[in-house]
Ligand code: GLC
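As a starting point, one isolated chain is supplied in structure tokens, in the form predicted alone.
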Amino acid sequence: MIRLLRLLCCLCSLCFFLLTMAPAHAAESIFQYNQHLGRGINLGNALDAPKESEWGVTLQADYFRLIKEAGFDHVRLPVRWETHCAGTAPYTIDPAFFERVDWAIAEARRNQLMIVVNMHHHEAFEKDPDGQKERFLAMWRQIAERYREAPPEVAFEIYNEPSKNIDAQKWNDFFGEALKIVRRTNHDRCVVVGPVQWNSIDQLPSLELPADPQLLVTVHYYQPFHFTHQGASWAGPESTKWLGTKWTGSPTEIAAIAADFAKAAAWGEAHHRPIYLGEFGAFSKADIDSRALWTAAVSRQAAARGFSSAYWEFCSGFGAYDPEAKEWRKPLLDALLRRK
């Protein structure tokens, strides 16, 4: 009887230990996941275009090899599901498009790259969130179901840069509902979420996260905007006036980046969440020396705070790779991968 009581006491103690330690272990695992993401690059302007190739980029198997061989750890795959999804219930996603995303995921894994698959450019959703809510959630139900057996190296990002008519309260509600749908089939998968106003660092305080240990918080960074978006037509007619803006890496310029990232790091520490710098880049209208200096500064400041990061983007207007010359733009590649 005494031995039995001792055994029961030991079992109770073990159960208590496991119950009290499990949340901490789960929470810590997302920090380890973030560390493994390391440094990545966005495969932008391909599957996030209304139709692949429409914006000048068609994904190729060789791109994944080049990215891995250069030294990157992951790719972020922006996907415009909206233009490949029926407009009426049950909002079926085109099987052929699903197969294209399948292929991209398989190529990433074949090259030992982690991959973040997102929802990008859902314009109807941004214009009328309430009216598009059912469709938004239906798309995530299908995505989650299709990739329920995908390896853990595949992460989901619920929506890129919520903005326009998606305010903070609405976004917190919508994200929470989408997460519940994902968790029905993907219990432990890393899910990425960022704040409103284009994943602004300043909007982190408005982000309300459920008690889910596998959430990775993302922010985007394009400051100073008149430098990074000079000559970018989508930034408005003012952007032509910014042409010729340089970035020299002065102490004042670097201090501005450091101050912004310090805010993100402080928020992450206070909420016990790792930070993923999901986008940063300077458009090709800026001179290459300024772009390289800025890119290096942002990359170093992010790494110094333990952020994972993904440069925007591989081979288009911000591209670190020149698809015509079939070679990396070395100043940008060095800026992204140099550790010090």
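All of these numbers come straight from a predicted model, not from anything done at the bench. Numbering starts at 1 and follows the sequence shown.
Missing here is the form predicted together with the ligand; even so, the following discussion is about that form.
This chain lacks the partner; the member of Asn186, Gln214, Gln197, Asn160 within 4.5 angstroms of the ligand in the predicted bound form by a non-hydrogen atom is Asn160. Listed residues His122, His84, His229, Arg135 were compared with the ligand in the predicted bound form; His229 is the one with a heavy atom within 4.5 Å. Comparing 141-149, 92-100, 114-122, 206-214 against the ligand in the predicted bound form, the single stretch with non-hydrogen atoms within 4.5 angstroms of it is 114-122. Contact check for Trp312: a non-hydrogen atom falls within 4.5 Å of the ligand in the predicted bound form.
Proximity of Phe156 to the ligand in the predicted bound form falls outside the 4.5 Å heavy atom cutoff.
Though the partner is left out of this view, Tyr222 does reach within 4.5 Å of the ligand in the predicted bound form, counting heavy atoms only.
Contacts between 258-284 and the ligand, taken as any heavy atom within 4.5 Å in the predicted bound form, involve only Glu279.
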